[in-house]
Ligand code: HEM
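In structure tokens, the next block holds one chain alone, the form predicted alone.
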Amino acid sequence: MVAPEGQREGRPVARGELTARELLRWTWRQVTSMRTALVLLLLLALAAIPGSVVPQSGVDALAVTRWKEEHPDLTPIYEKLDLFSVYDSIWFSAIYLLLVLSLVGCIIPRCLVYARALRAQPPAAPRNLSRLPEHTSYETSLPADEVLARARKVLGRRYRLRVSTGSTGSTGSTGESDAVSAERGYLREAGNLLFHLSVLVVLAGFAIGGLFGYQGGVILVQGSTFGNNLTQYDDFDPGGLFTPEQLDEFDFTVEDFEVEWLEEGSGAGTARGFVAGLSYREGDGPERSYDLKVNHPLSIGGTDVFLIGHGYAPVITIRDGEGNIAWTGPTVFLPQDSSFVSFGVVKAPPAEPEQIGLEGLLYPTFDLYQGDPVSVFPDARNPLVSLLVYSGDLGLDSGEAQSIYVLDKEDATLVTDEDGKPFRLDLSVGETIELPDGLGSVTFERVEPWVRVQISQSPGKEVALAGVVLALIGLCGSLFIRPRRVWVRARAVAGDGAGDTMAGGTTTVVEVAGLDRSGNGDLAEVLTDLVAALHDEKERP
């Protein structure tokens, strides 16, 4: 209660002013309220939306690079807001930690209340059982003590019984000398608490993975070998407490890659399955083989290798003006659409007399549609590359890092034909075209497939899985366990000489009532079964 205007801690205070302790207590109550927890849970779900819409550097660095090239004006804003790394951002972590704090503040008091409820006895029988929504009564010739003993035996199989105190309550309840009080369903609240605790377990699992795990990606052309060390990754996103010693020692080679395409129907051109044949070796162990498929990762030690993408790498040979090979080999082209029309860049810095750069598109199954080049099928059945040629300084000698998917054309010159138009190379497999001005020649040798694999360690995934299992158990408990209270009262009344009476002319009136705290509506049937059990002369031991 706030002190009135006057002195507080040796200084005058205004009415309604809070001390530091009172302010902290009020803040704690606000943070740990159920309303705040629900709001934070909603905010966490909303905050995760950008992570699903905007490419994430820890998931697909190539997509991030492509997005930045397509949206140069938005890129600085997105970078300031950490939208390319949402789950590592300060604002997402703040919501995450506040949610954990709120859940802890909600659950601990509820656990204490539940612990006291477990030790408490079922409530005493109300004075008038007939006022409860579900009740019934009958008369019997058995003595009241025997009826109550039988009630304790029947209810004691599935209910917790109140220990008789023989006192009279102050809330309309009588003593337990003439009644039996029973209660069940205590585990329903345990299910609720378990569900909330499981949320913390899941969050802890994600936190462990975020701190101690890592995730990296690499593109490998068919026939390439990958060794698990930091220099081999195209992109690498370590956890806050990651150390290089966590990297398992292994290597693998992509021996082949096959795609099964739908050939007919409305889904023609859609891939049905992907298989990358790997040969791998763990440490100094023997070489093994594995068919890497989507959702069927290769597990080596604590590391998982996932297949997450594929594309094409045209093998192009560039000869310079002196006839020397300036570049030859597969170059990764990135798919632009579902037909796998792919964009890529080929660089030949050793070329003489000038450096040569190629930029353009690969059409896996080339055709002309109304005069425009298209790919009519995503499989590489009639591949064609269409490239523009640049010569001069490609920015490769500046010492600055440069993306292999971007051609620096600031100081380069676009090669033109005799009419002054851009010189375009349209090459099918096996074709060679001479470049103007004695720059050399370009040959399109063949097409090789490439695969993108994700390599990761998630040390908290077992914890998160355990949390999900606990959540399901708790949810089932809270949904299917029915908390219920039942009372049986037996009292002797004077008989009228008719019917079954005890010696001395008295009859026992038995009242049975119940209260279903879950509102399932089957309490009448429960009371009927209970009355039948109380009538049963051949009672089970």
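Because the structure is predicted, anything quoted here is derived from the model rather than measured. Just count from 1 along the sequence shown to find any residue number. In this text, the rigid core denotes the largest set of C-alpha atoms whose superposition between the two forms falls within 1.5 Å.
Heads up, the form predicted together with the ligand isn't pictured, but that's what we're talking about next.
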item: Position in contact with the ligand when the complex is considered in the predicted bound form, options Ala63, Val509, Ile473, Leu479, heavy atoms within 4.5 Å; value: Leu479
item: Option touching the ligand, based on a heavy atom within 4.5 Å in the predicted bound form, out of Ala207, Leu439, Ala190, Leu103; value: Leu103
item: Stretch from 255-263, 383-391, 331-339, 190-198 whose residues place a heavy atom within 4.5 Å of the ligand in the predicted bound form; value: 190-198
item: 4.5 angstroms heavy atom contact with the ligand in the predicted bound form for Val86; value: no
item: Interface membership of Gln56, the ligand in the predicted bound form, 4.5 Å heavy atom rule; value: no
item: 4.5 angstroms heavy atom contact with the ligand in the predicted bound form for Ala47; value: no
item: Proximity of Leu278 to the ligand in the predicted bound form, heavy atoms at 4.5 Å; value: no
item: Site test, Val113, Gln121 and Arg184 vs the ligand in the predicted bound form, non-hydrogen atom cutoff 4.5 Å; value: no
item: Residues in 139-155 close to the ligand in the predicted bound form, defined by a heavy atom within 4.5 Å, in order; value: none
item: Exceeds or equals 2 Å, Cα of Gly217 between this form and the one not shown, core fit; value: no
item: Did Gly191 shift 2 Å or more between this form and the one not shown, C-alpha, core superposed; value: yes
item: Core-aligned C-alpha movement of Ile95 between this form and the one not shown reaching 2 Å; value: yes
